[in-house]
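A single chain, nothing else alongside it, follows as structure tokens in the form predicted alone.
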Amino acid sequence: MNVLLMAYGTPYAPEEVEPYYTDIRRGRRPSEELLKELAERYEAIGKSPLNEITLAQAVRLQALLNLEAPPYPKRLLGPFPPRAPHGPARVYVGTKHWHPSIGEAVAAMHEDGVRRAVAIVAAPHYSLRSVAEYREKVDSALKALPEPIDFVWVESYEAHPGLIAAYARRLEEVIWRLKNPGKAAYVFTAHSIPVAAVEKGDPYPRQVEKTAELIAKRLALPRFYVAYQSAGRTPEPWLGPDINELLRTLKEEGYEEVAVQAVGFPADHLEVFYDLDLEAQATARELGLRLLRARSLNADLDYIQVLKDLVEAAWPR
């Protein structure tokens, strides 16, 4: 079994911010103002751990795929579990905007003799501006190969029971810390996309809302809201409400506490640490709101088990 695990990617060092941003802009160098703003955001959070988390996800996913035993064995000691029936698994990492790039990963797979593989993005919701673009990069890389690789795609998994349980488990930890859970507002966030994509029938907002609805149902939340964050710096309208706008509305409605969960971002990275932990938290303090964010899934085994289930279900029998 062969797997291509993909994520957005992030620069490792300050000098890499410019080429990284240029790649995001499809080869167009950002203005000095935009470049300075992004560099300052990275400096404010210290460092984005996204690359390290993605690599940890790949290592753990490969380990689980190569075992028949569940990730939480009843016995801590015992014989080493036998290999999985689908044969040895190899997980390759490709990032959308940094290194190893998706093109580099596909080339490495071909060099290793891979001719069939499952492709999955470490993001649960499909969008024309996210998963579809990952697919474009894979297709572009395939054109450079002398022989094709047959990829089977996992395009979304917004309602996977394991994903919902993992998110609910972390939000429950926040609920324990609320002074009055019955009177708090519960907000689920995801990355904004251009309104134009939604008008073309992009399923993204419906999938985000489905994830939020299932978590809320599992925890019997009295109320919940969906907000978006991290809108692009372009003149076109982006999907809202923005998390900061929603916080102002919630304050006007009389809420004093807000529990936030970034369901569109399984892993910690710039948009979580800056847009939520710094920017949204600053808005909340300004308004007199107490904001608590649920921790991310990252490379925790309950999330890796979800990825394992999806990959095994997609692998051709």
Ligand code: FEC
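Since this is a predicted model, take the numbers as computed values, not measurements. Each residue number is its position in the shown sequence, starting from 1.
Just so it is clear, the following notes concern the form predicted in complex with this ligand, a form of the same protein that is not shown.
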Thinking of 157, 160 and 218 as one candidate spot, does this ligand come within 4.5 Å of a heavy atom in every one of them in the predicted bound form?
no
From the candidate stretches 178-186, 230-238, 136-144, 160-168, select the single one in contact with this ligand in the predicted bound form, where contact means a heavy atom within 4.5 Å.
230-238
Exactly one of 119, 123, 109, 174 comes within 4.5 Å of this ligand in the predicted bound form through a heavy atom, and that residue is 123
Among 210, 129, 99, 90, just one has a heavy atom within 4.5 Å of this ligand in the predicted bound form, namely 129
Hey, in the predicted bound form, does residue 301 get a heavy atom within 4.5 angstroms of this ligand?
no
So in the predicted bound form, does residue 295 come within 4.5 Å of this ligand, heavy atom to heavy atom?
no
In the predicted bound form, does residue 58 have a heavy atom within 4.5 Å of this ligand?
no
Residue 257 near this ligand in the predicted bound form, any heavy atom under 4.5 Å?
no
Residues in 37-61 with any heavy atom within 4.5 Å of this ligand in the predicted bound form
38, 41, 42, 48, 50
